[in-house]
Structure formats: C-alpha cells, structure tokens
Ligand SMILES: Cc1cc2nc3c(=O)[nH]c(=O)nc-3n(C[C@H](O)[C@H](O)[C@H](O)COP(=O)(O)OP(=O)(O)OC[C@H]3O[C@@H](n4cnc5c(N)ncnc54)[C@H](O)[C@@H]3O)c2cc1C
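One chain comes next, on its own, written out as structure tokens in the form predicted on its own.
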C-alpha cells in the first residue's frame, strides 16, 4: 500500500475542496435554517462527475475507487458534512443501480442519475427495525405486472424530496434471504411521506418517513435477483461506512483549521492562546487522532478496492474509529474557542451537531463492534 496520494487523487481532493468552498460553505448555514438543500445544487455535482463516483465509465459514471471517494467526501465535508453525506447516499444508490438495475431501467434513468437531474434515496430502516435490519417488515407481493409494496421506512434522508427510492422489501420468508431491492419512483401511486423530522443535526437534509400503501411498481424495477436485496444492501453499506468516516474527518479538519486561526489571534494574559503549552497539547492530541484515523480509513478503502476478504471488518473498524475521533476533535475545537465556540457564527456548534449522527447511521458503532467481534471469533 502506497501512503502517498497520486497526482490524480490530489487533483480530485483539490477540485472537491474548491467546489465546496465556492458552492456550499457560503450558504450552508442558510440551508440549515431553511431545512432544505436547493435542488439546483445537485446537477453542479453531476457536471463534475460526482453524481456517480463509483459507477463504471461504460454506464456514464466516473469509475473511481473507494479510496478516491473518501477524498471527495472528506474535502466536501470541510464545507458542510450534511451536504456531503447526502451526496454519499445518492452515490450508494447510483452504484447499486449500475450493478443491478435492468437494462430497461438503466436506459430510462441512468443518465439522469449520473447527472443528478434525478436524485435517489436509500430506504432500509423501519420504525421497528434499525440495527436488526434483516427483520424489516415492508412487504412486496407479486402481481401480474410486478410488485405491490406495503410498509413504512423511517429516518429517510430525502424523503419527499428525492426523485426515486431504493426500497428494501420482503418478498420471501423471514430473515436476510427473504429481502429484495426495489426501485420506487416519485409519483408512484401509493407512495407518500410523513412529516418533516425535527433533528439535532443534518438539518439541511429533509428527513421523513417513506410510506408505501399498495404501491405498485413494474417487474423491471426489481434490482438484481429476488431475495438478494440484503446482500446488495450490506455491500453498499461497506462503502457508505467509508464515506461517513471521511465526512467526519473532513469536518474535524475544518474545525482544526478554524481553531488554529482563532488561537493565533485570540489573546489572554498578554499573549495569543496558541502559546500556552496546555492548549498546544490539546491541539497535538487532535492532530494525532486525525492523522491516525485518516490512515486507518484509507487502509480500509484500499482493502475494499482490492477485494480483501477482511474488507468488511476494516470498514466497520474505520467507521467506528473515525466517527468517534471526528466528534472528539470538533468538541475539543469548540472548547478551545471558549464561549465563542458556542455561538453559531463560528460554525463549531453546527459541526458538533452534524457529526453526532455519524455514530448512529450506516450501522451504529455498537453494531460495528459486533461485526469486528464476530470476525475475531470466526478466525480463531
């Protein structure tokens, strides 16, 4: 494994960082107040090839690696982790469609998914099945023309906002092997949404329940094989865990940059506060944690890219570690700002709120520990 980024990877990071600084950062606080990201932002990502990062070039995508993707999401999260995380969700859906959608769906929808004229959300979690995702109850029964879906999905980023939804539904018996993946397009009869959730963070992402009440979809909207949906979902989550880890590190890096600038200007007892050894030690601890987590994340991404048999374990470990490091670092940076850190104008309190959910989604960090432990016991 080469620890140095290639020229192309450095260019990818710089491109995403510059885009975030120009198109996201100046507006992020207002979007949070409005509780919505303007839809005209997404085609701008599409123009840069960031609407289909992992989609093969033959399907119109960028064909980048998972490691490349972590660079994109780390850079974008320096502007706003909420926007970057929503882009990650769309990319997870785009790659699932590229790998598993029928030719009919690809020819009809893939170009718009790649360009982000069509935004796609992911529907796995239900009110009664979060960590135990394989216990989902949403049903998809066969009809003459396709499937009839009934059930409710919860905590869906983009609910009532996105143009299509990848829905995990039960087509067979209990357990993972009875789950299939379906594409439900906005406007489908029987598709409706709950009220806007009032959240601690990620407030610019509209989050609602997605409700399916005798919602009919054509057979062509089945993704891949019937009964393989849970496998597709777990495969997608490996990449999602890398992305959310990168989002935590990007936000934490932005907090560190802001804090270093602030401490070089803020004076106490006759000198700038970056000259106090006790505070220097806090900065050093933050930097050590960030660099260690970044190296761990990139190793996990490399393992996923190379098809290593222990890639899922490393994705889980990196997700658990990086999301907790990110939260610790932004909290430490808020503390180093003193009372100013508690004010919205300085941006630290938003990062604290936005990053807290990273320890819950894409599998809670308790589930990450469980994955690691099971792998350890299996390998005895």
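Keep in mind the model is a prediction, meaning the values are calculated, not measured. Residue numbers count along the first chain shown, from 1.
Omitted here: the form predicted together with the named molecule. The next part is about that form.
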Practice item. Name the residue from 155, 302, 262, 161 that puts a heavy atom within 4.5 Å of the named molecule in the predicted complex. Key: 155
Practice item. Quick one: from 122, 232, 73, 147, grab the residue that has a heavy atom within 4.5 Å of the named molecule in the predicted complex. Key: 122
Point to revise | Stretch in contact, per heavy atom within 4.5 angstroms of the named molecule in the predicted complex, of 184-192, 249-257, 147-155, 262-270 | key: 147-155
**Study point:** 4.5 Å heavy atom contact, residue 364 to the named molecule in the predicted complex
**Key:** yes
Practice item. With heavy atoms only and a cut-off of 4.5 Å, decide whether residue 131 touches the named molecule in the predicted complex. Key: yes
Check your understanding: Is residue 25 close to the named molecule in the predicted complex, meaning a heavy atom pair under 4.5 Å apart or at it?
Key -> no
Review point. Heavy atom to heavy atom, is residue 199 within 4.5 Å of the named molecule in the predicted complex?
Key: yes
Review point. Within 62-90, which residues have a heavy atom closer than or equal to 4.5 Å from the named molecule in the predicted complex?
Key: 89
